[in-house]
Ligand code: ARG
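Presented as structure tokens, the chain that follows is alone, the form predicted on its own.
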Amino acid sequence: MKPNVLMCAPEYFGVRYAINPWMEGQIGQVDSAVALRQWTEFYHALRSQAEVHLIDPQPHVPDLVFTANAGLMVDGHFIPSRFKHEERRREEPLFREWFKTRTTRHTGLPKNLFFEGAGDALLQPGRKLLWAGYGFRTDREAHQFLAEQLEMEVVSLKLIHPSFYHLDTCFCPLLEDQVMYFPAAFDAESLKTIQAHVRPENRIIVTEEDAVHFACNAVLVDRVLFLNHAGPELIQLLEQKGYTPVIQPVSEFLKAGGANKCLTLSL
């Protein structure tokens, strides 16, 4: 059975404001034709491996294309996001409406808590374990709420590098208890936490060169890994561990601070 994924066509995508370092200097600089071509090619590549569902794009929400931030979906239980920045809060009712008839359970966040969905909450395949990021967009207090609602272990990781403001920009859980991550994105305590949960042979360290091209912002379907970019050494390492890396460039979306994983939400 193919996994289900949510995407949104980039009909209205563009950089119209700056709420992360990637957006600085990029307002009005997105090539819409290139963005559409890259998204479409990724969409078709992903459709060969997964069932892709679509939410309709809307003109007043250029970042709706980054469906990873809609919320978190686990076994039919949907927890919608509450965005930190006013610019993205207009997406919240659109996502809530889409999920209203497509979930078995829908649980809203406590008031005054920020949580930016699967951008900051990543399931470890095959385990009842959720890696959760905080420091820029999601409140650490939201992690306890997630643990209680989902009845699973939630491991908190603090992000300290402004360019890696969501966990999925610098951390990617893989199969067989493996993880791929960029250490400079985390504080020292969080690095110790990763090391305590993941054996050395299961840690794939990503270089800065790969990290700034969002190699960690990858989409895993079975053993196929869709990435915007990966250098020869990373590709070789992934292949040695049994994965099939597929380079699916989405560089226009990096101008807004997102890549392949940001463009998808696992359902």
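A quick note: this is a predicted structure, and the numbers were derived from the prediction, not measured. So that there is no doubt, residue numbering starts at 1 and follows the sequence shown.
The next section is about a form of this same protein that is not shown, the form predicted in complex with this ligand.
**OP:** Would you point out which of 123 to 131, 68 to 76, 106 to 114, 190 to 198 contains residues with a non-hydrogen atom within 4.5 Å of this ligand in the model of the complex?
**Re:** Selected stretch: 68 to 76.
Original post:
Among the candidate residues His161, Lys158, Arg96, Arg88, which is the single one with a non-hydrogen atom no more than 4.5 Å from this ligand in the model of the complex?
Top reply: Looking at His161, Lys158, Arg96, Arg88 one by one, just Arg88 meets the 4.5 Å heavy-atom criterion.
Subject >> Contact of Ile19 with this ligand in the model of the complex (heavy atom, 4.5 Å) >> reply: Within the cut-off, so yes.
Original post:
Might Thr169 be said to contact this ligand in the model of the complex, defining contact as any heavy atom within 4.5 Å?
Top reply: Yes, Thr169 lies within 4.5 Å of this ligand in the model of the complex.
**OP:** Tell me, yes or no, whether Ala256 is in contact with this ligand in the model of the complex, where a contact means a heavy atom of each within 4.5 Å.
**Re:** Yes, contact at 4.5 Å.
**OP:** Answer yes if any heavy atom of Met23 is within 4.5 Å of a heavy atom of this ligand in the model of the complex; otherwise answer no.
**Re:** Flag for Met23 set to yes.
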